[in-house]
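Encoded as structure tokens, the following chain is the form predicted alone, with no partner shown.
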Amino acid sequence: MILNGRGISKGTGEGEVLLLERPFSFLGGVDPKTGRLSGTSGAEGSELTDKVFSFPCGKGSTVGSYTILQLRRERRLPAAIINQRAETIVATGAVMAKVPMVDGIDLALLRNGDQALVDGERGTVDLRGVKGHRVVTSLLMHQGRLLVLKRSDKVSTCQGKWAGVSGYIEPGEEPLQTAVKEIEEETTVTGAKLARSAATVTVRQGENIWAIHPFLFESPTDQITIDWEHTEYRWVQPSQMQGLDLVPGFQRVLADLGL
């Protein structure tokens, strides 16, 4: 699975992801002689040498750039750096020390221990063994209530969880085309009218990354017939979603659709 960001420092680097959840300062955050992180990092004792070091952004003194250079002299550099948002200190240090660096990556899609190839020229991160899927999730609304469906044990993922009308986008299909097709196949509803759509939501579940295209449709009826993919359905108020065991990313889909 390839994630697209922005190249900051050229070159390629590959290794195991070491992921931090908060901004990081190279000055005081790492021992340049050992490559071990300090207690201020949130991952005390971890070693960044030869890792794909990933953290939201840098912070602290400009001396941090020279700490990265010192890591180079001690042969303790990370294989690459990934940031959500690059700032001058880390970017300068990465360029001076010739560490491949990419930013603009959603760190929620990374896991500690992932194998990643970072290309600072192209601005990409290739997550080895992680698969990407393009899907649609459509919400049907009728008289203020939303349709949710419980996924059966015959589907490949998220069995027993509640979702909208979902389906894989086939090669050559547009997301809206897939959405209409899936509504007809999974509910037998025809003539649903598109009310609005939202930007793609990307979530990770295990070794899968889902690029979800959300849609909201007005249904002409609340009478539906479900297929083998679901065991039951409900028409609920948006506020009632809180009590359901929903598929990953569903709450964000609801929010992005203004529900």
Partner chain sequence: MHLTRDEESILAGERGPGMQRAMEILVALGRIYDADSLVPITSAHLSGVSYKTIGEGGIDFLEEISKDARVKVETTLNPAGMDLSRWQEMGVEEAFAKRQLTIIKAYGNMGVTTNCTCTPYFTGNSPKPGESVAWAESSALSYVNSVLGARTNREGGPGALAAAIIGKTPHYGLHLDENRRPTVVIEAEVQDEITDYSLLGHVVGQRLGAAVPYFKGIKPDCNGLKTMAAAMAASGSVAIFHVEGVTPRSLDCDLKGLERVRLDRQDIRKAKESLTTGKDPDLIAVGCPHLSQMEMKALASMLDGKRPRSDSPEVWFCTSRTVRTWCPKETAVLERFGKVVCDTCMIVAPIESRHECTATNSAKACTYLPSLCSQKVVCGSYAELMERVA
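Numbering follows the first chain given and starts at 1. What you are looking at is a predicted structure, and each value in this text was computed from that prediction instead of being measured.
What comes next is about the form predicted together with the partner chain, which is not displayed.
*Asks:* To test your reading of this chain, name the stretch in 68-76, 106-114, 149-157, 168-176 whose heavy atoms come within 4.5 Å of the partner chain in the model of the complex.
*Replies:* That would be 68-76.
*Asks:* Any chance all of Gly7, Lys10 and Val95 sit within 4.5 Å of the partner chain in the model of the complex, going by non-hydrogen atoms?
*Replies:* Checked in the model of the complex: all three residues contact the partner chain.
*Asks:* Using the partner position in the model of the complex, report whether Ala91 sits within 4.5 Å of the partner chain, counting heavy atoms only.
*Replies:* Judged by the heavy-atom cut-off of 4.5 Å, Ala91 is in contact with the partner chain in the model of the complex.
*Asks:* Flag Val125 as yes or no: does it have a non-hydrogen atom within 4.5 angstroms of any non-hydrogen atom of the partner chain in the model of the complex?
*Replies:* Val125: no contact with the partner chain in the model of the complex.
*Asks:* Using 4.5 Å between non-hydrogen atoms, is Ile183 touching the partner chain in the model of the complex?
*Replies:* Although the partner chain is absent here, Ile183 would stay clear of it in the model of the complex, with no heavy atoms inside 4.5 Å.
*Asks:* Any chance Lys131 has a heavy atom within 4.5 Å of the partner chain in the model of the complex?
*Replies:* Taking the distances in the model of the complex, the answer for Lys131 is no, it never comes within 4.5 Å of the partner chain.
*Asks:* By the heavy atom within 4.5 Å rule, which residue out of Ala211, Ile226, Val63, Ala198 makes contact with the partner chain in the model of the complex?
*Replies:* Selected residue: Val63.
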